[in-house]
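Take a look at this single chain, the form predicted on its own, given in structure tokens.
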């Protein structure tokens, strides 16, 4: 049965730390008038829906409830956060097989209801799971996107803004590739309001560029590990990243975000999902943006893709 899309409706599959934080953030955003929470633990979904709904009078009218797959089929955006949590000393890629098996029970249920909206994958490892969602759903690739390195890029902008003492909104830089240990800081295209990064650094009294860039990139890459070691999970930052992506979709902003999507020949990379800047709007990802990369960055990106492809090749889909 064909489903129409309710442009003001969002669904969240998975009510753990990330799903619940995303639900809370989206409730406050006023982007949607209806939100459905779905979890394998029905009572958990019901409890989160009740708890968040009790704050509606402080934020604005919205219908929030727990439901099943039939209830989410007409959502404009389905946010999939369901999966095992990353533990201390565990990489995102260590989660692969556990979360692929979870996706095998979720994605076909969404697909068989003729879902017409955008599927936003947030569970980790997000690049592999975006690839898995494309293969399992049969949906057009533009409508299956991952949260990718949107949060990593925000972390990079924050770190650079602290280093340079400038508003992070004026820092234009990207983390690309895997959302994980092989991610790359695309320094070649980084700038502050159009001023090349090294030039701006020197304006602010910083001259040891190579050492500073290496330290900042490592700090960004290890941010999640540090947070997990201190509080056992990360969820506020990614919840805000989910809100930002949803804004672009609902408002058809056509903003450029480094979401995870399928690659087909870009930078010599094919048939794998990873994070590159793309135009995001009502139809999901419209097109990838060919940012400037030097030879070293391109080689690292290709190596990141090769590693992800090796993992994807070992999956039983």
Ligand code: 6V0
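All values reported here derive from a predicted model rather than from experimental measurement. Numbering follows the first chain given and starts at 1.
The form predicted together with this ligand is left out here; the points below concern that form.
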Is every one of 10, 73 and 110 within 4.5 Å of this ligand in the predicted complex, counting heavy atoms?
no
Heavy atom to heavy atom, is residue 120 within 4.5 Å of this ligand in the predicted complex?
no
Contact with this ligand in the predicted complex for residue 168, defined as at least one heavy atom pair within 4.5 Å: yes or no?
no
Is residue 233 close enough to touch this ligand in the predicted complex, meaning at least one heavy atom pair within 4.5 Å?
yes
In the predicted complex, residue 161 touching this ligand (heavy atom, 4.5 Å)
no
Hey, of 101-109, 208-216, 191-199, 137-145, which bit sits against this ligand in the predicted complex at 4.5 Å between non-hydrogen atoms?
101-109
Of 33, 28, 41, 287, which residue is found within 4.5 angstroms of this ligand in the predicted complex when only non-hydrogen atoms are counted?
41
Between 84, 240, 93, 154, only one gets a heavy atom within 4.5 angstroms of this ligand in the predicted complex; which residue is that?
84
Given a 4.5 Å distance limit between heavy atoms, list every residue of 12-34 close to this ligand in the predicted complex, or none if there are none.
13, 14, 15, 16, 17, 18, 19
